[in-house]
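Shown next as structure tokens: one chain only, the form predicted alone.
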Amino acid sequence: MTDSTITTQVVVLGGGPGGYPAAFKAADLGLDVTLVDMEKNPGGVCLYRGCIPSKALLHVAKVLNEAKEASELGINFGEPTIDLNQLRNFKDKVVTQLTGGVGLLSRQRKVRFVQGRGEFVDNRTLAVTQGDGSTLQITFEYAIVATGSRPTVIPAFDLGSERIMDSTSALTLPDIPETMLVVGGGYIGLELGTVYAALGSKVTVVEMLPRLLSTGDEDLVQVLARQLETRFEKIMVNTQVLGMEEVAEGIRVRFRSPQGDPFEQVFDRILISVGRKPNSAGLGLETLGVAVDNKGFIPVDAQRRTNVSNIFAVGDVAGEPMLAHKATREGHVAAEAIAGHPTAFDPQAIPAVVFTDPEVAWCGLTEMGAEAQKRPVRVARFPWGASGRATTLGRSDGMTKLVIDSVNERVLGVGIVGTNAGELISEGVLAVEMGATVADLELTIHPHPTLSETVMESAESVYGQSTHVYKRK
């Protein structure tokens, strides 16, 4: 087939939450932009196989759990029935609607969209292999690499069995297994484990570290862990997976207990969720001389520029934290830098949210981080058992905490565990970014009764007594 060539000012390789915002921002700034991605519309892993479909399923899980717990309120719905096909259709409809919307926005901005797989020929040329086998040559002035990441594969667990899933295959909901093992106690494993447990699977989680969500403060994570213990069949920490083999009745897994003793158990399905790996291989970066570190990440400067001056990188491929909202901001910065605007990626707080039930969210400096830095801080906690709104929701198991500079009383970090923590954390992000003091939060009148006023009452407790918590002196 005949090859063709197009010329553009900016080519963006990858249409995920780093790539398409970068392309849109560059177009908004008046640049001629071409966006390359393998999907029909922009959206990336987040929209197609990650953030969005998982949150759609987590909403279903929340509805199921609330229906089961409604008997405590005097309402009995009976045993819910699950139409798996309709559930899949709901998830797919959400994905189709959102990716179609992003595609429309791309056309409205006159971003040239090319479907195919791109590989750099040199630092001015990208070759795109399209679905019909033809090759399109794109010549460019600047390129933004936004190729994202993929689930980490452990060779010893890669048995070629359909019973062993990663996060992508788990989201397709092949069935509702009677038993399922989640390998890895991070946010992806816990979120998907929550979904399958709500649907009726007996879920076991195994984590080789001493606790779940090892990057979060222990007091926040413990609130979640207590709730998960009532919903999961078992949570095993300090436990190592030694090996797996497929047998007639499922997958036999060999473990080593915290005491060093081996034991075995058979599961219908296994979800491997042990992290993600950047997609930096096979892009032709070595041809350009673009540096890649030993973990596969592309080092970048404050403007997201690589060591090759006209090549930028954003999102998961550019380093931790591997979060969609971080990628989006990086994409904006790269586009602004290319357009010649003074800009830098220099956030004081990037929020992290675990969308389990309860949700866990934090931003800025954690208490654990302060201890590692030996930084003197004060920590204020407000238990949701003292929150009127949390009590009316039947969810008084949460907590809000502030990490405060001991000298100037600036808010350095905020952590929240409880229902809707992901929505509440943005006030904490703003406080950290703006250099707010704890007095600023205390004096900000919050509506009553709301969960948000737990932030205000946490701040009050720093100066003495919070209105709804009394501590003996």
Partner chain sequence: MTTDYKLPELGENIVKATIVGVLVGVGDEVTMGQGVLEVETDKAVIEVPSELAGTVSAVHVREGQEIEIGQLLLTIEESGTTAQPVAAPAKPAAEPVAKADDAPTPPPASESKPAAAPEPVQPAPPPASESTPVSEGELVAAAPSVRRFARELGVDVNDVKGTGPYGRVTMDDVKTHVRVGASSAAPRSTAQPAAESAGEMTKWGPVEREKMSNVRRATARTMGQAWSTIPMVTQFDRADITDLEQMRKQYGPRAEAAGGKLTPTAIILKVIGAALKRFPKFNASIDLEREEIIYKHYVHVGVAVDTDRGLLVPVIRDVDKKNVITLSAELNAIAQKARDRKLSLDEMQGAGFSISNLGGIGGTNFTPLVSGSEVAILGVARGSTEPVWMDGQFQPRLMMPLSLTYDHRLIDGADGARFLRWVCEALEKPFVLMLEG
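Positions refer to the first chain, counted from 1. Bear in mind the structure is a predicted one, so any value in this text is a computation, not a measurement.
The same protein also has a form predicted in complex with its partner chain, omitted here; what follows describes it.
- Only one of 25-33, 60-68, 40-48, 441-449 lies within 4.5 Å of its partner chain in the predicted bound form by heavy atoms, and it is 25-33.
- The contact with its partner chain in the predicted bound form, taken as any heavy atom within 4.5 Å, belongs to Phe345 out of Phe297, Phe345, Phe355, Phe255.
- Residue-level contacts in the predicted bound form: of Val379, Ala302, Leu84, Val266, one residue has a heavy atom within 4.5 Å of its partner chain, and it is Ala302.
- Heavy atoms of Ser309 reach within 4.5 Å of its partner chain in the predicted bound form, making it an interface residue.
- Residue contact with its partner chain in the predicted bound form: Leu126 places no heavy atom within 4.5 Å of it.
- Taking the partner from elsewhere, Glu409 is found to have a heavy atom lying within 4.5 Å of its partner chain in the predicted bound form.
- Within this chain, Arg375 lines the site of its partner chain in the predicted bound form, having a heavy atom no more than 4.5 Å away.
- The three residues Leu288, Ala337 and His341 all sit with a heavy atom within 4.5 Å of its partner chain in the predicted bound form.
- Contacts between stretch 135-168 and its partner chain, counted in the predicted bound form as any heavy atom lying within 4.5 Å, involve Thr139, Glu141, Tyr142, listed in sequence order.
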